[in-house]
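Single chain ahead, written as C-alpha cells, the form predicted on its own.
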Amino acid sequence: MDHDVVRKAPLFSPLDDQAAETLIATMSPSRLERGDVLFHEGDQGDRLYVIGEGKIKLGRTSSDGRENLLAILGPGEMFGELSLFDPGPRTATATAVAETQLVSMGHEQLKEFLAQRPGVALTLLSALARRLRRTNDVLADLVFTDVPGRVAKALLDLAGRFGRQVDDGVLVPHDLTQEELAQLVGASRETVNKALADFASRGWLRLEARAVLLLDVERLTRRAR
C-alpha cells in the first residue's frame, strides 16, 4: 500500500513524516474485493478507515429496498470518524466498488492518539464540516437542479477526484454500474441514461465500461450550473 496516498487523509495532515509513519504502522490493514461489505447501516461503529487503493461507496437503503448513494470515496479519503464524536450505529453501509485496500484504527486507540495530539482533532472536525457542506449542496441540487444538471455535476466531481488527462480528454474510471450512478444522482436509471445519451450525442463525452471519457469539460460545467 502506498503510504503517500494514505497520508493525504486529514488524520495525518498535521503530522511530520516520522509521526505519520509511526501511526500508520499501528493501523490494521485490510483488503476487499468488489461487492464486499465492510460494514452495514445500523452496525455499531468503532473504527476509522483510510483508503489506500480502490473505492468505497456509502449508501442507505429505504424500507422498500431502494438504495441511495451518499458518497463515493477513493484513495486518501477517510470515513468512519463520525461515530468517534457521536457514538452510535453506522448511518450507512460501506461497500467496495473496486478492489480496495484500507487501513483502520479503533476508536479507543484514536482517542489516546488525539489526547497526545489535540491539533489532529481539529483536522478531523474540519473534515466533518466539509462533508456536511457537501451534503447540504447535494440536498440543494435535489431541489433546485434538474437530472441532467445533477448528472453533469456528478461526472465533474468524479473527474476531479478520479480522472486523469488522456489525449482525447479526461478519462474517469468511476467503477460504477449504471444503477449505482443513478443512485448517486438520486434519479431513475432510465432518466440518467437518457441524460448520458444526450451528452454523448452532443459530443461532450463517450461512455465506456464503468468509466466515462469527458470530451468537453467546459460544456459539462455550464450544464452543471
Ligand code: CMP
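Since the model is a prediction, treat every value here as computed from it, not as a measurement. All residue numbers are counted from 1 along the displayed sequence.
Another form, the form predicted together with the named molecule, is not on view; read the next lines as being about it.
With the site C-alphas superposed, the named molecule from its pose in the model of the complex keeps every atom more than 2.4 Å from the backbone and C-beta atoms of the shown form; the site is open.
Checking 98 to 106, 113 to 121, 134 to 142, 151 to 159 against the named molecule in the model of the complex, the stretch whose residues place heavy atoms within 4.5 Å of it is 134 to 142.
Residue 126 falls outside the set of residues with a heavy atom inside 4.5 Å of the named molecule in the model of the complex. Not displayed here, the named molecule is approached by residue 92 to within 4.5 Å at the level of heavy atoms in the model of the complex. Interface membership of residue 70, defined by any non-hydrogen atom within 4.5 Å of the named molecule in the model of the complex, is confirmed.
Residue contact check for residue 58: one or more of its heavy atoms lie within 4.5 Å of the named molecule in the model of the complex.
Taking a 4.5 Å heavy atom cutoff to the named molecule in the model of the complex, the contacting residues in 74 to 88 are 79, 80, 81, 82, 83.
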